[in-house]
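Next up: just one chain, as structure tokens, the form predicted alone.
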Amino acid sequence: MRVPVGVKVGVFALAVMGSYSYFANSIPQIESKPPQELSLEGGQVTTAQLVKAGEEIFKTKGTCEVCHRIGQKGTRAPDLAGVGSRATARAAERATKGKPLRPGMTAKQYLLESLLDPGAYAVEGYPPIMPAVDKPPIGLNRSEVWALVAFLQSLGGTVDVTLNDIPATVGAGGAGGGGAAAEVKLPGDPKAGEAIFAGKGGCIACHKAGKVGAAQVGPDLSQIAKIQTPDYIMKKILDPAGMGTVAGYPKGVMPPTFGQTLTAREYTDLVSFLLTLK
């Protein structure tokens, strides 16, 4: 008896599916378990766990890699390779040149100050553009700052920072420790601001902003609202030189005339667009 072609195809398909099912079921199944929560302030954390948590914060919530690199020069901010050992020398340098003077500053105190009060002492050649990490827009809590300091110390140095070294007031200003960045609502239109960025403002000639533009004459602004405060963004447009030049980029390129060439509405729209870049 002649078997129809459709039946043959159906039997073949069932055989193939059956063989794949058998193969799949023969593979040992791995039980999925959620990662154990790491309680930094509960005292049940090893140095290795603390450093690992700090590295994760460095790469994610802290947004440190937007400006800093480890073992790579030419970025917006200092190369952090070996900063754990170099912090001692930096502390001595800061005590000499900083205002007010703080003789006897330890390496971990210097690293902590660099995170909580970065404007107190900027490394020579770099402008003071870093926001305090325990405040918006970054908003790390006390435990996260502790872990981040430990990670930085581990880069060539000895990890000896304790939770008691982190002021109890760090990150205490909002829910969840660091608190969420306060949303700034301007009476501007982000879509109109994007048009200003690409058109009248001419920003696209030097900057990239997400999907808009590709130029690298100036810094990439794709995450500017995530790493800088609205106050900095607004002032940078009107007084670019006064807010410092990002390391690795030429000085004096950004025009200081936007306050005259843009209308108040256009300026507000442009800032509104930049505040969406997270």
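On a predicted model such as this, the values are computed, not experimentally measured, just so you know. Residue numbers here begin at 1 and follow the sequence given.
What comes next is about the form predicted together with a small molecule, which is not displayed.
The small molecule in the predicted complex comes within 4.5 Å of no heavy atom belonging to Leu163. In the predicted complex, the small molecule sits within 4.5 Å of a heavy atom of Pro118.
Heavy atoms of Ala214 never reach within 4.5 Å of the small molecule in the predicted complex, leaving it off the interface.
Although the partner is absent here, Met130 is a contact residue: one of its heavy atoms lies within 4.5 angstroms of the small molecule in the predicted complex. For the candidate set Val170, Val159, Leu80, Met105, a heavy atom within 4.5 Å of the small molecule in the predicted complex is found for exactly one residue, namely Leu80.
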